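Below you'll find only one chain, the form predicted on its own, shown as structure tokens.
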Amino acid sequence: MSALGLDVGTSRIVAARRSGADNSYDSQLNAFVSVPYSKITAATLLRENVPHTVEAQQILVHGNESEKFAGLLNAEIRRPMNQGVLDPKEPDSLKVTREILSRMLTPAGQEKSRPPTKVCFTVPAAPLGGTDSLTYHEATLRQTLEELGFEPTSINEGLAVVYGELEDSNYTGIGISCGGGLCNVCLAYLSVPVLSFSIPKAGDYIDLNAAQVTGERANLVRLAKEDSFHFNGFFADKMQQVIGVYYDDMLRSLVAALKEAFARTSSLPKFNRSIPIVLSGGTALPSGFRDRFEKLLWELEFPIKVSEIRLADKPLYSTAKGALTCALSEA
């Protein structure tokens, strides 16, 4: 049986496959934009192989191409997901999610595999101190993947980071995924998740708040953040300075949540050695992110001895890699 790892994130969907001795990755923006319908536009997009769905009087362009069209139309991209889960307020969320997954996982002309491919997909952890249910999100993704001909199982996003990055410590340590909608955290001991939680301050929090201060579209803030932001204390313009303010607020919230979660948990294992922390996700990409996180963590009295804090080798692909590791172990 073949296997796939699938990171279903608020900002991006990443699929991981085993290719020989290495892994290969496919990444698409988990986003779309609507353009007015015309037969000429629909036919042109089809000829150019631009991912889209025709619906009534609009065409939904999704995936990576949505960013280009949003720029041309001076419009915000729309998201099927919000804060780590499918957005019930977005009427086209299910349709777009299914289309993106279908194109990524079952390319045109490829029949559904027999026997079905094992797919391990990521789901977020419950919010720290919250009671939000993730049942609808997880069940809907599972149903969608089954309808596409796959055999799906789910994995906690933070645990996927542990599986993807901490094999050398026997899957013992803390995996942190800093994505678009959420920061997910998991402490695992010998691959067993001991503590998992999420906080809603992540990439989108930075983008939306910086957009309000600067008057720019959130998507433009995201592009500026991904293209040129770094932690050095000197900012070339107001945009970079504002992004820095909200990045620092996000990191302080993450570190405070770590301390709170570990302090309130009475069943932590007694580690006989210090454990590693690995950071991943698109929001962890800016130069200096790891150093800033480490400095803030050491300012608090963290209750567990830490051997190292490092950035994943490929932060954007880390959770998909861990999901693939899980799928391969069960294939």
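Numbering starts at 1 and follows the sequence shown. Quantities reported herein were computed from a predicted structural model and do not represent experimental measurements.
Same protein, other form: the form predicted in complex with a small molecule, not shown, and the subject of what follows.
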4.5 Å heavy atom contact, residue 275 and the small molecule in the predicted complex: no
Touches the small molecule in the predicted complex: residue 12 (any heavy atom, 4.5 Å): yes
Contact of residue 282 with the small molecule in the predicted complex (heavy atom, 4.5 Å): yes
Contact flag, residue 124 vs the small molecule in the predicted complex, heavy atom cut 4.5 Å: no
Listed residue that, although the small molecule is not shown, lies within 4.5 Å of it in the predicted complex (heavy atoms), from 247, 150, 197, 171: 247
Of 118, 201, 137, 225, the one that lies within 4.5 Å of the small molecule in the predicted complex (heavy atoms): 225
Candidate spot 178, 286 and 316, all three touching the small molecule in the predicted complex (heavy atom, 4.5 Å): yes
Among 252-260, 94-102, 137-145, 202-210, the region lying within 4.5 Å of the small molecule in the predicted complex by heavy atom distance: 202-210
